[in-house]
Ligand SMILES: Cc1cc2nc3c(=O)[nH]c(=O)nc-3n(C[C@H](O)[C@H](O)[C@H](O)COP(=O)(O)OP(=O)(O)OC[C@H]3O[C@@H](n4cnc5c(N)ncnc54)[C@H](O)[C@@H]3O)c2cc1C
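Encoded as structure tokens, the following chain is the form predicted on its own, with no partner shown.
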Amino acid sequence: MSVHEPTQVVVLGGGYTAVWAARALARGLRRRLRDGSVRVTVVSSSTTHAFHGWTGEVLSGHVRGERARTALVDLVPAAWVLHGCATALDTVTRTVAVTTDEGVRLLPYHHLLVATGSRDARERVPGLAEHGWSLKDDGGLDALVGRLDGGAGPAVVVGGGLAGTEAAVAMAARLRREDPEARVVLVHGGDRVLPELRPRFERVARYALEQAGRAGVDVRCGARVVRVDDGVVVLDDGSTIPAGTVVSAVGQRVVTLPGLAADRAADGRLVTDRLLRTSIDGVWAGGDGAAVPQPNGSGPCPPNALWALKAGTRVGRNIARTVRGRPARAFRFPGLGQAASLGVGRGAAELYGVQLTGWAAWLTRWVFFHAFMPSRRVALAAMGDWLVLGLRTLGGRRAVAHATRGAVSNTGTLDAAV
């Protein structure tokens, strides 16, 4: 590439790391982007960014599906967004091949950020890819909601972590509004659900399990799913569970890029240093697909949304600093915690190691999630939905109270007349 050509920064992915990195690049390279000396290209197989924080609320019906999606072009206006999939990488010529609807495009890069993230590892269970639903697939959440509204039950969630437990409770809430006898089964191969909370946050885990029971979720522990057929889930003890809808929460698998022969961790994630650089010159990484060292030295950062978001901001700033000839800075985010919603007012969370349950956890999560939504416009719209929901709920309670008082008053008058 000629030195007279613009500096090319290519970002692969449309998730948290990619979006927040592109926005950090826009801030750090504003003048260079304006005069054309730098160009940022975001390559994504999806035209929208999915905010997975509201997955449970979309499933339960408390948040509209469109509040969990935002067009990428609206989130990264300073970048050129290319709809396609990176299929090959040449680190010698510094080019990445992108397959689009119009054919293969070859993109040159000076700096490449691999933020392709992860996908549901449905291949771990035979038949789950063919008959199961993913909460991370593009459009998968909306399609699942449509299926639930069509009465495709009973429902089975495979995997008893935070995501699986939250999804099971949310699905039970939606299904049981129409059919109080609707069945939702949560199947977990371990001895106890919510292993990521135990044993340190045992009180939060117990609370979450209690809320699942209250919601009518049938929790099956120590039962491993060995096969999913059409309409049935087969367990390792030979028993079966009827299933009109099967949802995968069995964990994630890293999305790999052919041609990227960088150092990888045992789970397939790209190994980075504290600056978020890989072992290949000019290639950076962050998010679910990267093993980024935690600042406290306790191993790689966990593959979840908040860590991906913060890694994206840091790596975007570091690439911008490198382009400007300044030294990159180490990733220092210490972590915040983890949380799940198990119904309005029923949250389960740990914040900086402090265990929270009930309204305290729910409100804390609600505030943080709105704050971290990438679009302020969509965040305000989501808050408006919650306000309308609250007013309707309050109005309904007042109507019930008024009707009850009227019934008591009429009864009293009748009794006195008799």
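If you're wondering where the values come from, they're calculated on a predicted model, not measured in any experiment. Start at 1 and count along the sequence shown; that's the residue number.
What comes next is about the form predicted in complex with this ligand, which does not appear here.
Visitor: Going by heavy atom distances of 4.5 angstroms or less, which of L175, A163, L128, L89 would be at the interface with this ligand in the model of the complex?
Guide: In short, A163.
Visitor: Looking at T70, T55, Q355, T364 here, can you tell me which has any non-hydrogen atom within 4.5 angstroms of this ligand in the model of the complex?
Guide: That would be T55.
Visitor: Counting any heavy atom within 4.5 Å as contact, can you tell me which stretch out of 195-203, 328-336, 220-228, 113-121 lines this ligand in the model of the complex?
Guide: Single hit among the candidates: 113-121.
Visitor: With heavy atoms only and a cut-off of 4.5 Å, decide whether Q252 touches this ligand in the model of the complex.
Guide: Within the cut-off, so yes.
Visitor: Taking any heavy atom pair closer than or equal to 4.5 Å as contact, tell me whether S60 reaches this ligand in the model of the complex.
Guide: S60: no contact with this ligand in the model of the complex.
Visitor: Considering only heavy atoms, tell me if V43 and this ligand come within 4.5 Å of each other in the model of the complex.
Guide: Within the cut-off, so yes.
Visitor: Taking heavy atoms and a 4.5 Å cut-off, does L306 contact this ligand in the model of the complex?
Guide: L306: contacts this ligand in the model of the complex.
Visitor: Enumerate the residues of 74-95 that have a non-hydrogen atom within 4.5 Å of this ligand in the model of the complex, in sequence order, or give none.
Guide: Read in sequence order, the residues that approach this ligand (within 4.5 Å, in the model of the complex) are G84, C85, A86.
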